[in-house]
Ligand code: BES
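Before any questions on binding or motion, here is one chain by itself as structure tokens, the form predicted on its own.
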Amino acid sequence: MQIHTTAYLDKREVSDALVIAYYKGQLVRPDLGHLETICQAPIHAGDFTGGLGELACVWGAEVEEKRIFLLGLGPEESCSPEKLRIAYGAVAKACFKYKCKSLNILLPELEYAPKAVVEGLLSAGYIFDLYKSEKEEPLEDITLIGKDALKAADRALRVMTSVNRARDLINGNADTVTPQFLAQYAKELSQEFPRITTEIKDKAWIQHENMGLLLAVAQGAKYDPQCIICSYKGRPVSDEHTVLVGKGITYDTGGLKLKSIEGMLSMRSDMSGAAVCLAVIEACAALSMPVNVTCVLPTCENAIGKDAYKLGDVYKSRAGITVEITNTDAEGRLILADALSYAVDAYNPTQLIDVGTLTGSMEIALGNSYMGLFSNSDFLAEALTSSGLHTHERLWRMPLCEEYREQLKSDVADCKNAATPKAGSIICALFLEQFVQNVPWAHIDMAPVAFAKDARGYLPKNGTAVGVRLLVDYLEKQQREQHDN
């Protein structure tokens, strides 16, 4: 994707379409000249009113482009970055219909417009057709017409490139996107971005580190587990160090507590947390952000078979806590527990954030528009929530109920890995909290939003990589606050 900018409408190059935005009943920009007359026909006919995401196509002999898209942004008073993402997401979908490869976009004169427009276009314009014989033709060239748009547009392009690469990982075949594939992908990131360093820890290292929970989950799998560590030091003089831990279950059968067929259909996406973390560190490097971030990604399959780990058995974690397995389909918390323990001891982080598709009960509680947030730090929780609102990748803080810890008690071990179905997401978070010591920590359960059954707004069907923009925004705000102080 190429993005260009020009300050003036009459300086644009010819493209497949020109996009002109309208508020409901009102032209967004008054500087159209003779184009305003050409655009009147569908408005006078009542075919176009300017409602959010509404689109009309106009052809005219006096227009250099093949067509003009009239785009509705809804009422002016309710316009927002999210409304622009939705509206320009509709433009991206129209480009597939009309086979447009290039666009000229007359930007609304809003400070946030360049970033939001690019996010909506690139998100809704995402294509995953790797396994299709007939390929879609993607949008290749965008020119934004407006002053001072290049910096914000370029930033959005870099972040959305990382988002869409994460979607590719999530959508890929589970027999392709194995722990070893993710490890190789991480190595390639360090080749592409010199400030990223990657270490791949193999099964022998995992055994040496006594990561008994990760080994237990992986023991029935065809592929050996890997622990992937990517570090980006954008501010070496600072002691601030954020560690992200991403769940990397490359396929989840549920183990001996076997999932249903329907439940397994999307389980190639159970490594979404790891994919999001890789995309965040890639975006940090692409933007040369002055932050220090390390990703610790435990990756393996949760397979079914004669070697699969057993219900009722007890396994010892890296932290020395023994765990009775009461649910083999509660495996994500097990591999995260060993990774969190290692992250605390190895990196002494100033803050620790884990991300993953942890519990179906989170989706029952929140639907498909929010992720669950658990934290031992009010400051961290509030800052992440704020970034979630800003990016519309929203978080809802859930409680860490002390009285529920009783449900994790075991007769034969230090704790269980799961309890009753009630408050399942909270029980999961309480289990993980045992492994973070006193480090400021946040747990993001992205199960409700990681994999979409249908396209919604500017989000595509299947892998969404929701969480990348949120975490990049959070890290950017953090570094600005540190600079101001």
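Residues carry their position along the shown sequence, with the first being 1. What you see is a predicted model; the values in this text were computed from it and never measured.
A second form of this protein, the form predicted together with the ligand, is not displayed here; the remarks below concern that form.
Q: Of Q407, N327, S123, N171, which one comes within 4.5 Å of the ligand in the predicted bound form, counting heavy atoms only?
A: The residue in contact is N327.
Q: Name the single residue among M267, A92, V291, L107 that comes within 4.5 Å of the ligand in the predicted bound form, judging by heavy atoms.
A: Looking at M267, A92, V291, L107 one by one, just M267 meets the 4.5 Å heavy-atom criterion.
Q: Do heavy atoms from each of K247, T359 and A418 fall within 4.5 Å of the ligand in the predicted bound form?
A: Each of the three qualifies.
Q: Can E282 be called a contact residue for the ligand in the predicted bound form at 4.5 Å between heavy atoms?
A: Contact check for E282: no, nothing within 4.5 Å of the ligand in the predicted bound form.
Q: Would D252 sit within 4.5 Å of the ligand in the predicted bound form, counting heavy atoms only?
A: Judged by the heavy-atom cut-off of 4.5 Å, D252 is in contact with the ligand in the predicted bound form.
Q: Using heavy atoms and a 4.5 Å limit, would one call R167 a contact residue for the ligand in the predicted bound form?
A: Residue-level check for R167: no, no contact with the ligand.
Q: Might E331 be said to contact the ligand in the predicted bound form, defining contact as any heavy atom within 4.5 Å?
A: Contact check for E331: yes, within 4.5 Å of the ligand in the predicted bound form.
Q: Of these, 351-359, 189-197, 172-180, 209-217, which stretch puts a heavy atom within 4.5 angstroms of the ligand in the predicted bound form?
A: Looking at the partner contacts, the answer comes out as 351-359.
Q: Which residues from 447-465 come close to the ligand in the predicted bound form, meaning a heavy atom within 4.5 Å?
A: Just A447.
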